[in-house]
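So here's one chain in two forms, each on its own in structure tokens, numbered structure 1 and structure 2.
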Structure 1
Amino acid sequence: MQDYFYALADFMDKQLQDDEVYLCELTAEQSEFVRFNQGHIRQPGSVEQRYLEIDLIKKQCCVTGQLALSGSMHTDHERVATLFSELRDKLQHLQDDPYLFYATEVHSTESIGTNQLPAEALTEIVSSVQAHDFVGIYASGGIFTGFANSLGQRNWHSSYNFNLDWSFYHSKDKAVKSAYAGCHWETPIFQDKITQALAQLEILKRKPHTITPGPYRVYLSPTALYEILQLLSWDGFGLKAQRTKASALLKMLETPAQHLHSSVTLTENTAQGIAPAFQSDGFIRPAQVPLISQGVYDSALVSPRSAKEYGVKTNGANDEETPLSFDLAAGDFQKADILKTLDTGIYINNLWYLNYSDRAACRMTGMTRFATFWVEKGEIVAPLNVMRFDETLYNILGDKLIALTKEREFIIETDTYEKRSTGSAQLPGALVEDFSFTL
């Protein structure tokens, strides 16, 4: 795939006229998707896709085209040449773009993954789960990202991973969710996850507990906390959102006294993530970008376009200026002490469908989901019927944060909209006081 892309880039070099420049990005994958329901296979299949995005630039004008590649060089030469011609026609009608900005220094990089994917994980999965109400998806295969430009820069990132994202159901909405992701399948790890999930499933067989709306002490698992950070990543950390006052962190930005708990240090940690370290305008991402340091707003994610518009340096953010590799620093609280400290409260493994009740105040709502437990006197008593929360970030990770756990989990994003995600997060769990439930 890498050789194919670079050969295509060489072809593109020859398509240019006069003082034109091109930037291009390849996103491709060879994926297997197997969907399960009730311990049986629902929809199995393969997807092989290759997309090329080309920016054709002349002086201060730019036009972008995306196309599906066939994988046949002759056919793809024709498609690329046709696209260049179409883009060139459009360029004539455009005015100068004052915020056009792309990398002009050449930084070629290469990160090549090794394919250690298991040949027969599926057989093991099926044999391990068919006696249970198992539902979810196994996604695996190669993910390939490349960048090239007419200045000679070439970047390549490939990885081969699997992501089994599943739930065991007891009945109705009572279920345990788990996931096993990685590059190298290890049966003992998978079987241990199955065992742990089945143990939690036993608790779900107890009579569920219903609480009345009000404030409760809660433990948010790393997975639950990830849902909150994913909501925040929607226009929370980007420079454009901040300058246009659309950021959910507006109060922190406008009011110096407004900050989060001093134990909250949040970083875009590209070095520890699995996403490519380059972006579609050719810029290389720094190893880390501090977003919030010791509870205080630190820096924004800055795309090249925002950098030009607002006169600051880019840090290689994508166009959407969203984090891809979250890193929330560990706290000093032992995971083993969670139930004891929770005393009477709610152990939340998963949150679901978050959105803002009042974005400017960073007040958010969402639901508990999957294995959420009612805890009394430091012991799990019963599964909790789903509840809606409505709370501000300034309480959850601010005034009402009791502690973050010392242990952290590495979460690989399961998103497969249009392509398999390379997002990830390394997060602790959080103990929070007076977490408000409303419905």
Structure 2
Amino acid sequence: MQDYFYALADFMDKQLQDDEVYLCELTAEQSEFVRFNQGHIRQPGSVEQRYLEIDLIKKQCCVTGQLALSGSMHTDHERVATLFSELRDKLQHLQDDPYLFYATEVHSTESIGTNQLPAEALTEIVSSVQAHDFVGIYASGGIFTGFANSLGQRNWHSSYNFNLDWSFYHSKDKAVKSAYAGCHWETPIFQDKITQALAQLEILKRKPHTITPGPYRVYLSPTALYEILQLLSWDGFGLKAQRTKASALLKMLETPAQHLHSSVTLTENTAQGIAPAFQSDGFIRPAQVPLISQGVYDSALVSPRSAKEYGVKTNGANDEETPLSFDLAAGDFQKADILKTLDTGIYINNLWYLNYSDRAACRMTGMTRFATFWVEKGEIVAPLNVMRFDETLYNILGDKLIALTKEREFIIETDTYEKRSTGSAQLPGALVEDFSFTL
């Protein structure tokens, strides 16, 4: 596929006229999907797709088009030539784009992932969940991204990973949700997740506990914390949102005394994620971009357009300026001590339906869901009925943060809209006191 893409790029070089420039990005996948229900495979399937997005540029004008590649060089040459003709017709009607900015220094890179995906994964999954109402989706395979331009730059990135997103269902709205993702399958890790989920399933069969609204000590699993960070990524870390004062981190930006707990170091860690280290305008992403360092705001994600608009240097962020490879540094708290330290409080596996209740204050609201438990004297005693929380980040990861766990979990986004996501995160769990539940 890499050779095929580069051959297409050479063909595109010959389509240009006068002082035209092109940029193009290939996104492709070879994926296998398996749907489970009641512990059995119900629907296997596969997807192989390749899309090419082309920007045709002349001076300060740019027009974009996309096409699906067939894999036949003759057919795809015709499609590319037709698209170039259509883009050229549109280009003459466009006005200059003052914020058009693309890489003009050639920086070619190559990152080729090793396919270590296990052939025995499905057999192990089925044998481990029989006799239980197990429902979920297993997605695996290769994800490929390529970049080329008429200046001679060529970039390639491939990654092979799997993502098992599942639940053990009990009844009504009661289920234990879990996930296992990575680039190579480790049976001990998977079996530990199954054992923990089944233990929680047994507790889920007990009579649910109801609490009154108010502040409680809670444990947020890495998955629950990921929901919070995903919401925060909506205009939280981008330069454009910060300069237009739409960022939820506005208080941190404008008030030096406003910060998070000193143990919080949050990084866009491209080197350890599964996303490519280049973007669609040809700029190379740094291995790491420090977003929050020891609780203090550090730097923003800067797309090329924002860099041009505000006169700063880009760090290869995407157009949305959202993190693709979250990395929250580990704490020094042992996961084995969670329940003992929690003492009496709430163990939260999942959060749901998050949104801002006060964006300027970075205040969020959402629901608990799936296996959330009431803990007394260091023991889980009952499932907790669904509750709504309303809390600010400056409490969750700031004044009210007790500790972050030493152990972290690697999470891959489960999104498959149009294509499998390359978003990921490496996150610890968090112990928080006085976490506010409203109803």
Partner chain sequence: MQNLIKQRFYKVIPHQVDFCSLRYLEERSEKLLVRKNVAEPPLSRHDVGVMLTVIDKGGLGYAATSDLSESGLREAMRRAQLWAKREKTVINFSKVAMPQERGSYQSVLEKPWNSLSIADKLDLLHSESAQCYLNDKIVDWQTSLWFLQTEQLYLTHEGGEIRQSHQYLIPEIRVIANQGVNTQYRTFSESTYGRQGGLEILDHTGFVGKGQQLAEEALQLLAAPNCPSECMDIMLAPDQMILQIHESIGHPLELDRILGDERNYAGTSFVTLDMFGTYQYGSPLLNVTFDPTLPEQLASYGFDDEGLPAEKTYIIREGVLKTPLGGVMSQARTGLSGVANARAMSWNRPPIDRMANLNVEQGNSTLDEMIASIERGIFMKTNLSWSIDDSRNKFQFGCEWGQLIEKGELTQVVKNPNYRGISATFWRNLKKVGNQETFEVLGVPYCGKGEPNQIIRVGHASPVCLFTDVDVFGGV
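Since we're looking at a predicted model, the values are computed, not measured. Residue numbering: sequential along structure 1, first residue numbered 1. For clarity, a rigid core is taken as the largest C-alpha set superposing within 1.5 Å between two forms.
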Pick one: which is the form predicted together with its partner chain? 1
Post core alignment: residue 344 C-alpha displaced by 2 Å or more between structure 1 and structure 2: no
At a 2 Å cut-off on C-alpha positions, does residue 169 qualify as shifted between structure 1 and structure 2 after fitting the rigid core? no
Aligned on the rigid core, do the two forms place the Cα of residue 152 2 Å or more apart, comparing between structure 1 and structure 2? no
Rigid core superposed: how many angstrom does the CA of residue 37 shift between structure 1 and structure 2? 2.4
What is the C-alpha shift for residue 188 between structure 1 and structure 2, rigid core superposed, to one decimal in Å? 4.5
